[in-house]
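Given next, in structure tokens, is a single chain: the form predicted alone.
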């Protein structure tokens, strides 16, 4: 749930366009070159070997296919994300540079904005998703988790396995968060297609984005209509956004855009965070045994899964001035790609980073970003992940793969399409 997301699907996309092909420009002198395509199917399927090569290449490197600077080490990624004045977001947090080309989609009101505009919108969402507010929905979220997991345990007993994506990691966030926002139940599955397009749009205009945009076209009107005030339950998170507009904190025109961003950012990343966590536990039975023995480890287990298999893999920034990063000068107006997932496995930051360890307590991981654009809804995401993992640990003796997991490739997300699991129940 990274801060926010663009409000409208891209229109009229084709595989061509300035963001689809290699941009002109030679490699800067003294900057290591990594001849990789971080948006290719091969890279997205298994990014970790290239992540290691990137970290070892240097603190900053050059990707010639897109003529961009990039960083994959924790120290530099964190420095970029925390220096919002030098590495701005208003030029877009994807490959497209909104200062040099006309945006093919409207900018997000907070993810792709800088202070003071960002501060105004962010303060509204941060208040709505404050720890105090989230505590008020904890009981409801917990009850929904219990009901769903009881049902899935029965399914596992009768059918032998479940699909942890279709039966669990998609179902639970699509239930509890839109409920809290105040969205009606019918048609919520459209949010998954919309979110898939949103996060694809941060990469080049490749086939992944083209296909995602085509699927979203028929759904656009539904998304827009259901972000209107009259479609939202009074007292929900969405209604609170409109109350902020009533108070003059944001405009009435901005309110539905923030609701739309709220929904797109509040579902997809949590779906993938939970799915990836279940995959990690299935692949590391000794770690699941520790969780089973002590369900209070559910929160740190989810945090470690976020570090180990970061749901959000990358985000861009743009230099507002000539910037110096680890002795390398990055000219003003340069796109800089931060590899959040690579930073999360940086051995300079984490002892034995390739080991999944639910007792690691990885404070400072980059899965939710950092700085003023850090995930505004991370409290909710953590709550959902904790409740699901704790609930499974209390019901299931062991979980294991019942088949080969399949990935759903996305330019930004580390996502699963299916995850067949066998549950040995008590």
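What you see is a predicted model; the values in this text were computed from it and never measured. Numbering follows the first chain given and starts at 1.
Just so you know, the form predicted in complex with a small molecule exists too; it's not on screen, but the next bit is about it.
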| property | result |
| --- | --- |
| In the model of the complex, segment of 129-137, 179-187, 206-214, 261-269 with a heavy atom within 4.5 Å of the small molecule | 261-269 |
| Partner proximity in the model of the complex: residue 281 to the small molecule, non-hydrogen atom cutoff 4.5 Å | no |
| The small molecule contact at residue 108 in the model of the complex, heavy atom, 4.5 Å | yes |
| Partner contact for residue 312 in the model of the complex: the small molecule, 4.5 angstroms, heavy atom | yes |
